[in-house]
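Coming up is one lone chain in structure tokens, specifically the form predicted alone.
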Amino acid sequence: MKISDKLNQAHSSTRPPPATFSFEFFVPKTSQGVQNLYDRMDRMYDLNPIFIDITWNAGGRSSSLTNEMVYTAQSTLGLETCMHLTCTNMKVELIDEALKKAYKSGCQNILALRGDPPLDGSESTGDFKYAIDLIKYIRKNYGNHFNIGVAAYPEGHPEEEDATKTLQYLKEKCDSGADFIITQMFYDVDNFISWCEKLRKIGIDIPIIPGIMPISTYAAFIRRANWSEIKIPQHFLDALEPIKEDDFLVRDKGTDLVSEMCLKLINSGYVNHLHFYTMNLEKATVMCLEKLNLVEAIKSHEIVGTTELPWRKSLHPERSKESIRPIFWQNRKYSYISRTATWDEFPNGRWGDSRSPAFGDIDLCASELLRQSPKRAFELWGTPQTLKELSEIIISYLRGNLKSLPWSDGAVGDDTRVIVDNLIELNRHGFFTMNSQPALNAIKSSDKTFGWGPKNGYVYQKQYLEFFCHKDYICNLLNKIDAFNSKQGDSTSAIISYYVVDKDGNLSSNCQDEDINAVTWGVFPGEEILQPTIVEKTSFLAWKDEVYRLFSEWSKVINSHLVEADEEKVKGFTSLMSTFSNDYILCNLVNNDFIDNNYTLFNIIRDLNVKELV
């Protein structure tokens, strides 16, 4: 969606929020840095920014990485993204490639920039000299597909002393097809408001978005202001200079100063949106938003036409109608998007259908599958030597002390809290949990923990439990499930349905091959029932391939990280992963009685009387 349309939508309703906001991120230099930034972007999604933008580093790997990050932000993270595109030293072929990739990924927003001139003072060797040339080229080749933003300098451009000329250059860019303006950072709010008055007087009427740089440390504050050649108001220096050696005090006071500045901008009438230069950090920006009371205000403001699902919706144009996902990838959106990227049927029929020939493809590199560098994997999960140590890692995650697991990209959700004690108990007894959800019966769609979808609706869930069970207990487990189902007196369908499969694909189930079981659904006024999360055979077998391979990939990355001095640790860990894959069976259970309590599945497993791990 275009930024100008999103801004109009957010601020034209009868109850607009006090201000909206967006975030800028830059391209990290390392692959692990990119993965960590994705995690940060994922968390900051929950703040509900109108959009994010990603900077362009011209030349080499960095430029292609910008396109890759735009694709991931749009397709996997569901973040509306604006791509920076500079034209200095850029051949038209590279511009064409970047625009084509942005178009295909569903990105509709470009920040068209000239970019820094060559460091040696020579003329640019590219096919474009100024940003206006790039704007005209985009409009000529893509019409109105892209919303085009331009940069502006409220305190003047360092290469042009005449302020009148600088304004005229900006007017020419706007007249050539720009849709919005994002400014350079500044702290002199009075000068900014005066500058906005000048823009409106010369006929620039597109949105003016101020670039806000939070203050995290005194040294960085001074360095960035000097580099940008901007004025620092005296009251900023008076407040920060005496405490410059204490980073915590500087950040707190800096938050007060920047928040006061933002409030004055909003009250000026020229600004209703703030663009934060995050520097790939989180805390200082979040502190400003909280100080301005914008986070809850934005979250509670319902933008007309949006319908959230229990999983993150992709913004890729070929996936925009996707409404069904298998529950197995509930916590693995990166691999799910990668594995289904070649699908050409979203959705396929009322339910959707995971039986695409491409679905079983697991041609993913290790970094995409595990998503952690060897060093980071070791820091997070170490080298468990025993089953008990492995269970302790999972328990630590369930308690919120670990933010991810090899098979779970993010932290444990609040919705797990109602069954977390039972999950911990299972892991202590050697049932290694992978995924779960509690039963829900007519919970309001506005509920902060369990709700999703349009307002004034109700959501429902069947209890779901996915775990690894030792092969010696499988027969007894399935017998107890069959006995439970028999007691219910209905032979036509199982109250508890299951799929159980080993590494080699040997499957046991009490479901039919064609069964597709909705385990999450919602009922909303004036709409048909939505059934966004399912369990079925084909996708479960594809998930089996992925999850067993995760254990081998975990072993490989640890092997590549530890030195010879840790040979015994490596040997013990490798042996554990191999034994686990051979001896443990992947199981999923669904209690189809959604009005039942959340103890039935756990009680059946307890009845196996398996001793606690030692």
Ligand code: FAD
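Remember, predicted model here, so these are calculated numbers, not experimental data. One-based numbering along the sequence shown.
The same protein also has a form predicted together with the ligand, omitted here; what follows describes it.
Visitor: Considering Tyr103, Tyr458, Tyr130, Tyr473, which brings a non-hydrogen atom within 4.5 Å of the ligand in the predicted complex?
Guide: When the ligand is considered in the predicted complex, the option within 4.5 Å is Tyr130.
Visitor: Name the single residue among Asp175, Glu159, Asp190, Glu527 that comes within 4.5 Å of the ligand in the predicted complex, judging by heavy atoms.
Guide: It is Glu159 that has a heavy atom within 4.5 Å of the partner.
Visitor: Going by a heavy atom distance of 4.5 Å, is Gly78 a contact of the ligand in the predicted complex?
Guide: Looking in the predicted complex, residue contacts with the ligand do not include Gly78, since no heavy atom lies within 4.5 Å.
Visitor: Within 4.5 Å, heavy atoms only: does Thr55 come near the ligand in the predicted complex?
Guide: Thr55: contacts the ligand in the predicted complex.
Visitor: Indicate whether the ligand has at least one heavy atom within 4.5 Å of a heavy atom of Gly115 in the predicted complex.
Guide: Yes, Gly115 lies within 4.5 Å of the ligand in the predicted complex.
Visitor: Give a yes/no on whether Thr86 approaches the ligand to within 4.5 Å in the predicted complex, heavy atoms considered.
Guide: Residue-level check for Thr86: yes, a contact with the ligand.
Visitor: Among 107-115, 476-484, 517-525, 495-503, which stretch sits within 4.5 Å of the ligand in the predicted complex, heavy atoms only?
Guide: Stretch with heavy atoms near the partner: 107-115.
Visitor: Going by heavy atoms, what in 183-201 lies within 4.5 angstroms of the ligand in the predicted complex?
Guide: Those in contact are Thr183, Gln184.
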